[in-house]
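Next up: a single chain in structure tokens, the form predicted on its own.
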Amino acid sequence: MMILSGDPPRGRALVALLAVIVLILAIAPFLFPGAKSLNVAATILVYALLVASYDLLLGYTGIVSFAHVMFYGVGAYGVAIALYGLGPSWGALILGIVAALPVSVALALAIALFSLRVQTIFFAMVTLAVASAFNVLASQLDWLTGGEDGRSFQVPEILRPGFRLISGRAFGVELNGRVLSYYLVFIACAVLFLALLRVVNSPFGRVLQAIRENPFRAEALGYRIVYHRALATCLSAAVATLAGALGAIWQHYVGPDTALNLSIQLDVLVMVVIGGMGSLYGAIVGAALFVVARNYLQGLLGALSAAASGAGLTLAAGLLHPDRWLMWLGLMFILAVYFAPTGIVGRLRGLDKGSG
């Protein structure tokens, strides 16, 4: 209970689902030794942390921002530039992260100050413009960021695939640098997620929820709305920056399409809605379902299309064609929002209450 900051998932179905997801992610290198499966697991971890940091803004504070992916990109580029320029050392890695954090916090503070002048949709448009400008800037600074081609870099030796921790195998799996890199991402994401859980269950987090529900009443009670919103934006940006750094460490590459693209922001928004806004546990569920669907739905549709074609169902085979996977992913999202408007977490908690 203490490690969960006094906020357990609540609901037997939700606890079971989270336990399965976390257990699979914890033993993923031994359960799914393939390169693609391990990459999917690492992506789920990074996205779960990124989604949780965004939910601190959207779900707990009620701030709609389209600049969150920019902070993710700052962290990724900070690590990439440091390791590319200074060489693959731990010192360069730490320097890249340490340098990226104040940049993100400063940008977040500047964006938060816009909320003094504009609100709601106008604030969202301002953040979208800032994120787009940052994307263009990263694409143009070839000497620093690598431009459209991005930056490929080496990580410290212990995190490289060629590194061997032991000469033999453990449970049939080589303990190489790729596995060590995965567990670095896993442990870091777990620690940061628990830290966010502590934040939202602190008095500060309660104030954020009060501001979300009724900012005028919160201000009448003596809470400084601008201060709390700005601090929430800065905290969210810092965690997103660390998520970007972890993503870069895992991928060994950073580019505008992988770290600053608006589609990443839209994916994060979809994962927040699917998992459930205002519940950090929803970040884990939403990220897991979305990333798995994005990576395996096309293959599943291909198998179903082939089976339908073999059975002579031409129309069904056409509808299930792998090229239409985005259509089916969108349909799944619409159904999820329609049948679970409070997200999967809210739905599962509601089922548990109904059965009780």
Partner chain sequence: MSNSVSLETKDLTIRFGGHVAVDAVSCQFRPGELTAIVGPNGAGKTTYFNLVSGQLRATSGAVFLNGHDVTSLGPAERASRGVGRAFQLTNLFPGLSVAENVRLAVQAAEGVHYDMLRPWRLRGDLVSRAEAILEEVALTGRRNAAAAALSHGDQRKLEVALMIALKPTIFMFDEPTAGMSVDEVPVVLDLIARLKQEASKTILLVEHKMDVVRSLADRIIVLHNGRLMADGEPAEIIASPIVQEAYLGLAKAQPS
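Numbering follows the first chain given and starts at 1. Small disclaimer: the values here were computed from a predicted structure and weren't measured.
Not pictured, yet referred to below: the form predicted together with the partner chain.
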query = Pick from F122, Y227, W90, F114: which has a non-hydrogen atom within 4.5 Å of the partner chain in the predicted bound form?
reply = Y227
query = Considering L192, A238, V199, L107, which brings a non-hydrogen atom within 4.5 Å of the partner chain in the predicted bound form?
reply = V199
request  = Evaluate I166 for contact with the partner chain in the predicted bound form, applying a 4.5 angstroms cut-off between non-hydrogen atoms, and reply yes or no.
outcome  = no
inquiry  = So in the predicted bound form, is the partner chain close enough to R178 to count as touching (4.5 Å, heavy atoms)?
reply    = no
ask   = Taking the shortest heavy atom distance, is R212 within 4.5 Å of the partner chain in the predicted bound form?
value = yes
ask   = Does the partner chain get within 4.5 angstroms of any non-hydrogen atom of G162 in the predicted bound form?
value = no
ask   = Tell me which of 122-130, 141-149, 199-207, 76-84 has residues with heavy atoms within 4.5 angstroms of the partner chain in the predicted bound form?
value = 199-207
request  = Decide if the three candidate residues S5, F216 and E219 all line the partner chain in the predicted bound form, where lining means a heavy atom within 4.5 Å.
outcome  = yes
